[in-house]
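A lone chain, given as structure tokens: the form predicted on its own.
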Amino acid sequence: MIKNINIRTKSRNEFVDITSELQTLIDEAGIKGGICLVYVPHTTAGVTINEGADPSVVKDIQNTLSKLVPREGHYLHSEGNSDAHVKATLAGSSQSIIIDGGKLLLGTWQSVFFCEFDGPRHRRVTVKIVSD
């Protein structure tokens, strides 16, 4: 089963928690065990798993990425979004999450985040759920 989650981001750099949307897709599929593959088909966005309980963690990640990869730099790519391409490479374009007992097998504090680095935009996250 392949499904899409549509996201409308509101700012240039934004992390959107998509954990509940992924869980809804698993619930709708009735899958008790397997793998949830999350893929972002964009070159200036990514997906990551990190702490979702304390929003300051996401802010720290965003601030650190902005310091490591500043918007203005000596980039050859001329569209003005080179930093977004580099940040997307660092975040990665996919995650694989085990499904056990019908639930995403995430740590206590973990959430799945869509990472926008060149917004605001309309984006898509493609999800494939594979049953045992």
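All residue numbers are counted from 1 along the displayed sequence. Predicted model only: the values in this text are computed from it and were never measured.
Beyond what is shown, the protein has a form predicted in complex with a further copy of the same chain; the following relates to that form.
Undergrad: Although the partner isn't part of this model, could you tell me whether Arg71 comes within 4.5 Å of a further copy of the same chain in the model of the complex, counting any heavy atom of the residue?
TA: No, no contact at 4.5 Å.
Undergrad: May I ask you to check whether Gly30 falls inside a 4.5 Å heavy atom distance of a further copy of the same chain in the model of the complex?
TA: Taking the distances in the model of the complex, the answer for Gly30 is no, it never comes within 4.5 Å of a further copy of the same chain.
Undergrad: Would you classify Ser93 as touching a further copy of the same chain in the model of the complex, given a 4.5 Å non-hydrogen atom cut-off?
TA: Taking the distances in the model of the complex, the answer for Ser93 is yes, it comes within 4.5 Å of a further copy of the same chain.
Undergrad: Answer yes if any heavy atom of Ile26 is within 4.5 Å of a heavy atom of a further copy of the same chain in the model of the complex; otherwise answer no.
TA: No - in the model of the complex, heavy atoms of Ile26 and a further copy of the same chain never come within 4.5 Å of each other.
Undergrad: Heavy atom within 4.5 Å of a further copy of the same chain in the model of the complex: which residues of 51-70 qualify?
TA: Sequence-ordered list: Glu51, Asp54, Ser56, Val57, Lys59, Asp60, Ile61, Asn63, Thr64, Leu65, Leu68, Val69.
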